[in-house]
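Encoded as structure tokens, the following chain is the form predicted on its own, with no partner shown.
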Amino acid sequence: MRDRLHPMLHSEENPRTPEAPPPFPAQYLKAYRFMLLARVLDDKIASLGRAGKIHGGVFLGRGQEALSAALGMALRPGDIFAPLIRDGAGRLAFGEPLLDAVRTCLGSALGPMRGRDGNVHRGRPKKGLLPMISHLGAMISVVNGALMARRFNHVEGVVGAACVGDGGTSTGAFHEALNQAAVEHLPLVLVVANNQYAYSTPTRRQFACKDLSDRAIGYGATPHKADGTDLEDCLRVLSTAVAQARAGGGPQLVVASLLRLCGHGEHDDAHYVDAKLKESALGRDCLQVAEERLLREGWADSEALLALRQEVTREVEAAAATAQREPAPDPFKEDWCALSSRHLREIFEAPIPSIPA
């Protein structure tokens, strides 16, 4: 497959080092692979959900892969990332193992959450990947806290990224956390996926400002706008926002316009989505747009893209097969410790000293 890719994608004359960033075709193709892997994984999870293999809701990221992958690629080890349910591509780009995703969805006891915490609340906090608490702005303050902790420990050069949907911008948690980030001048990159609906409520019923990016000025954040259907634009905007936050520019608010290409979850047929939106530029499939760009520029040919799809499909199928063979938590043997550290649990369970009469 490598022979059918653009020569710049694997040229020895273009080493991939921090001082010499990879040529754009290589960056674009790498992001496309994360998008494709996330889409194939979504398709597999949807299939497993329909087969009754998944307990709980099934939420997919179709239409959001370009924005998500671009954010994950803009971050680096040591950064903090708080993704949402539709950020599968970003999780993978940030380094989440494919097995983590599949194991959590299938409730494997070997997954990062040990099969205990639903099928979307997964992460590895020690590696900067925070498990999601809620979609509605709650994770922004968590990222703020992690950034403040880094500051108190004199750790520099760290960026924290939090994701939220357009509906989440109407919550008090969003307001309070963005205001705090601005006051503390935190290196926060807050990414808003404006997919035109907060579940089924259209944006015209959510906010009256012309554009959500206009809110940044009022908080003291730097605004950025991106076309969420265009991978190149997402790569450019997210890399700029992350670089500005890392350089001491304070919080950055990125608003990307796109359309969710599925229901809120597999339980939702999205009948409320305006047909005109689906036919507009917002309704473009970012994965298809990226494929067309690769072919048009000669960065890959159709055989290479087919081989790549087959490759990621094998990866997903292997991960799913592995997770399905693994045990679920045994309620009779599990040590149901509410906190991951027994040391901390013992502190909380210590006898409460009696109060003198």
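All values reported here derive from a predicted model rather than from experimental measurement. Sequential numbering from 1, following the sequence displayed.
Only in words, not in the display: the form predicted together with another copy of the chain, which the text now covers.
Peer 1: Check each of 285, 266, 232, 214 and return the one that places a heavy atom within 4.5 angstroms of another copy of the chain in the model of the complex.
Peer 2: So the residue touching another copy of the chain in the model of the complex, by this definition, is 214.
Peer 1: Quick check on this chain: which one of 247, 275, 281, 209 has a heavy atom within 4.5 Å of another copy of the chain in the model of the complex?
Peer 2: So the residue touching another copy of the chain in the model of the complex, by this definition, is 209.
Peer 1: Please determine whether each residue of 27, 30 and 95 possesses a non-hydrogen atom within 4.5 angstroms of another copy of the chain in the model of the complex.
Peer 2: No: none of 27, 30 and 95 comes within 4.5 Å of another copy of the chain in the model of the complex.
Peer 1: Taking the partner as it appears in the model of the complex, which of 188 to 196, 216 to 224, 239 to 247, 67 to 75 has residues with heavy atoms within 4.5 Å of another copy of the chain?
Peer 2: It is the stretch 216 to 224.
Peer 1: May I ask you to check whether residue 157 falls inside a 4.5 Å heavy atom distance of another copy of the chain in the model of the complex?
Peer 2: Output for residue 157 is no: heavy atoms all beyond 4.5 Å of another copy of the chain.
Peer 1: Residue 182 versus another copy of the chain, in the model of the complex: is there a non-hydrogen atom within 4.5 Å?
Peer 2: Yes - in the model of the complex, heavy atoms of residue 182 and another copy of the chain come within 4.5 Å of each other.
Peer 1: Whether residue 169 contacts another copy of the chain in the model of the complex should be assessed with a 4.5 Å heavy atom distance threshold; does it?
Peer 2: Output for residue 169 is yes: heavy atoms within 4.5 Å of another copy of the chain.
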